[in-house]
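Take a look at this one chain, the form predicted on its own, written out in structure tokens.
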């Protein structure tokens, strides 16, 4: 193997939220967010944005790209992530308070127009104390009458209202970037939606930019009926063949390595256009190759090695979280095309009732293994999960076959 093909030069980077060497096929979303930034600079209003899709399609990567774009435009940035952990709600509030404090301190240093900034920083201080008990050093006393009621919806609204004049005077904005948005606790989610709604009504430069599973719009609408009008919803799916090929071939070409046409086609077809799988298979194909051309045999070997890796880590990390009863539920799901089926079909196959199975269903949703695509249906959150579940033979023998 030549130096060109050493593994330490391998450009591919599969991993949760890791930036791929070629962010292919997301130009429309990037351009849309760039327009939001441009409009904000001109003090024109825009909506927040929500990215939707299964796991492995690159939502987190794109959300990080948006955040970097906003930072370059000198927005105030707050980054949080939903979680289903027992202490998750409190942890996210602490993160929110600390991030707002950090953003306020930075704003105090760089703001060119100081109008209303003291009031804004005072409200950030009182909000941090109220929400998370965090004492901050912003050089101002907490506001005794604002953002300190102990109700996060009221306090966040007052905070943004107090911050908006200073943001507008500096032609900037506050962006709260939320990954795994479907896992935010209901109180915080409601607060974010309320304030985004108020921001639109009052032309405040405030944006919630989120990412989550395809079920997220229904969750948002159940929290606030107007949620469907608050955001520019963007669904991320598998890449088309041309964009998938670019994701595979362009990183190698920058290092003077090429994929044969057959090798690239093999990886694109095996990955079914999903960015995480494209990265995994291309990485393994690179490691299999000798010389400066990655051939079909290298691609075939890389795909086999990549699938073995997926079966040892990517899928089991989810499967292992399921209880025996939940695994039986998943196995029956896997026997339907694409792993999508109705709850009535599951009840029939498991000789149970939808009501009795609802606890299992909710447990699997909470663990992030499945989601409710629409009322009465469930589907896997991870592409290819149904094939993996089918291979778990130890729980198949005593289950009804389709």
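This is a predicted model, so every value here is computed, not measured. Numbering follows the first chain given and starts at 1.
Although not depicted, the form predicted in complex with a small molecule is the subject of the following passage.
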So if I measure heavy atom distances to the small molecule in the predicted complex, which of the stretches 225 to 233, 320 to 328, 276 to 284, 164 to 172 falls within 4.5 Å? 276 to 284
Any non-hydrogen atom of residue 60 within 4.5 angstroms of the small molecule in the predicted complex: yes
At the 4.5 Å heavy atom threshold, is residue 24 in contact with the small molecule in the predicted complex? yes
Using 4.5 Å between non-hydrogen atoms, is residue 13 touching the small molecule in the predicted complex? yes
Any non-hydrogen atom of residue 346 within 4.5 angstroms of the small molecule in the predicted complex: no
Heavy atom within 4.5 Å of the small molecule in the predicted complex - the one residue of 360, 341, 54, 350 that qualifies: 54
Tell me, which of 199, 120, 239, 268 has a heavy atom within 4.5 angstroms of the small molecule in the predicted complex? 239
